Structure formats: C-alpha cells, structure tokens
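Single chain ahead, written as structure tokens, the form predicted on its own.
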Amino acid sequence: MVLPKQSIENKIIKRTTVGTLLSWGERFLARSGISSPLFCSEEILRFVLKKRKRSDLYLSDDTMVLQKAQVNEFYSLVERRGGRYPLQYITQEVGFLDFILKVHDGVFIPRPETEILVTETLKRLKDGVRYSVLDIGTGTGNIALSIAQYAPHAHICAVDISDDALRVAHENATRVGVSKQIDFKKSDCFLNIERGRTFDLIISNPPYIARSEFSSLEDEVRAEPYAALYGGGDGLDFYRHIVKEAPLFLNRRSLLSLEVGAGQAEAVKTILTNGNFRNSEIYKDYSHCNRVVIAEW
C-alpha cells in the first residue's frame, strides 16, 4: 500500500547534503513499500545531480550543501517513485547488456530477460556473415542495436507502431554508433514491410500479457504502454500472427527467435510446430523460467 503523499513543506532536513538526502529517500521509499529503496534513492539523486554513476555520489564532499532546486527536485521524484511510477521513467535510462539506453514514458522498458533472447540468438549467428534481420516491436531499440553491435555485418530492419518508441530507438542507435546498420520503420508487425523482402532472422519480444493477468500487474507495469503489454485473451495472439506471416519474409535456413511470458513456452513451441517450423529450442532466463523459444525455418 502506498503511503499518503508527504508535502515538501513538512520535511525538515537541516543539512541538505548528499548523505541526508539519500537517507531520507531510503526511509521514504521503504515506508512506501518500494523494493531496493536505497538503490532507488541513489539512482534518483544521481539523476538530479547529473552524476554518471551511483558511486560518484559517495565521492562528493558531504559537507557541500545542495541547491534548493536540486533538493526540491529530489523530493518530488522520490515521492513520485513512492507512488509506483517506474524508476526508469524517472531517470530516463535503463541498462541492457553493456549499454545504457534512453527511455521515457510511453515507451516499453527493456527487461533483463530479453538479454537471454539476444545472447542465445547471437550464439546462432556466424562471424562475418551479412545477416538480414527483422526486429518486431523494437521499443527502445535494445534488441536491434545489440545485434548490430555484436554482429557488425548484420543489417537490421526495426519496426514499431509507436512514433515515440521509434524516436527513442533511433536516438539510442545513434548514441551506440550503430545507426547505419539499422533501418527504423513504423509498422504493425509485417504490415508495412515490402512484399518480397526477406530476412535470415526474425526476432521479437512481443506483447504477451493475457487479459486475466492485467488485474494482478504491478502498478509500475501498468504505467507502461498498453499496446506493448496486451497479447490478447490468452496472451498468445502475437505469436500466432508472427508464426503465420513470418514464412513470407524468411529466407531458407533462417531463424525465428521469440521471447515468451511465464508458462507460455510450450504453447508457443506448439504454435511453431503447427506452423511448420522445426527444431524449436527453449531457453531459461536468470530465474530459471522458460523465457525464449528459437526455431528454424
């Protein structure tokens, strides 16, 4: 349960230094039921003070009194986090593999589980081969730019239905230095992909939340775009659609790599088998949950 919002005027901190702010933020977030309250407090203060790393906070001179505007911004953002607003939307960045990516509200936040989708797929790619790749639902571009970075001969078409997501993805690709390898295109799955264009790999982390699961979602997840979450009545609509349409866009001896929701791997494997894909393999995530399915065409 989220505690009632505390007014900034009622906070009494005599010395608004890095240490006192971190301590207050940790206590406030802990009372609000936020997990890892110190980490969240550190990340928010790092963002406010424009520090590159959390460790930089502890290298600051704790006798330095911070500016009133900085203190007020910190209070405001901590209170927002206490109200279950996603930390990544507050700091406007998220870690993924070796990258720090930009993200903001209205754009799906990459999860660590998607790192498994990327790394297991990369293991299937051979060095020096000029792969053509389609990334469906690119979001922040985390999948596309990771493949571009670690498979430098690959060329990726990254699609999304969200203009906001495409802008963020392009910015992230530019910052990483792989924008020349990626074409960003507005498309609902395959809708705006030219007929006759084919790929060696189609990869996607599609929406997979079932209708019955929405009531149990955490408030932080509910803050993310609905279109990036809802996968139909049973959560499998996008898998059926992708498997049905993918053969029109795949070369021979190509791959289809999919992230799946908890408990969906076997159902998605069946969909792939019924769609004439073969040699489907299931991979577990960091929590030992079946999370990725890769099949051959």
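Residue numbers here begin at 1 and follow the sequence given. Being a predicted model, the structure only gives us computed values, none of them experimental.
If you look for the form predicted in complex with ligand GLN, you will not find it shown, but the lines that follow are about it.
For the chain shown alone, Gln181 is not a contact residue for ligand GLN in the predicted bound form, no non-hydrogen atom being within 4.5 angstroms. Remark: Asn172 does not count among the residues lining ligand GLN in the predicted bound form, judged by a heavy atom distance of 4.5 Å or less. The shortest heavy atom separation between Ser146 and ligand GLN in the predicted bound form exceeds 4.5 Å. Of the heavy atoms in Gly82, none are within 4.5 Å of ligand GLN in the predicted bound form. Segments offered: 137-145, 82-90, 210-218, 193-201. Contacting ligand GLN in the predicted bound form at heavy atom distances within 4.5 Å is 137-145.
Within 4.5 angstroms of ligand GLN in the predicted bound form, the stretch 92-115 places a non-hydrogen atom from each of Phe108, Pro110, Thr114, taken in sequence order.
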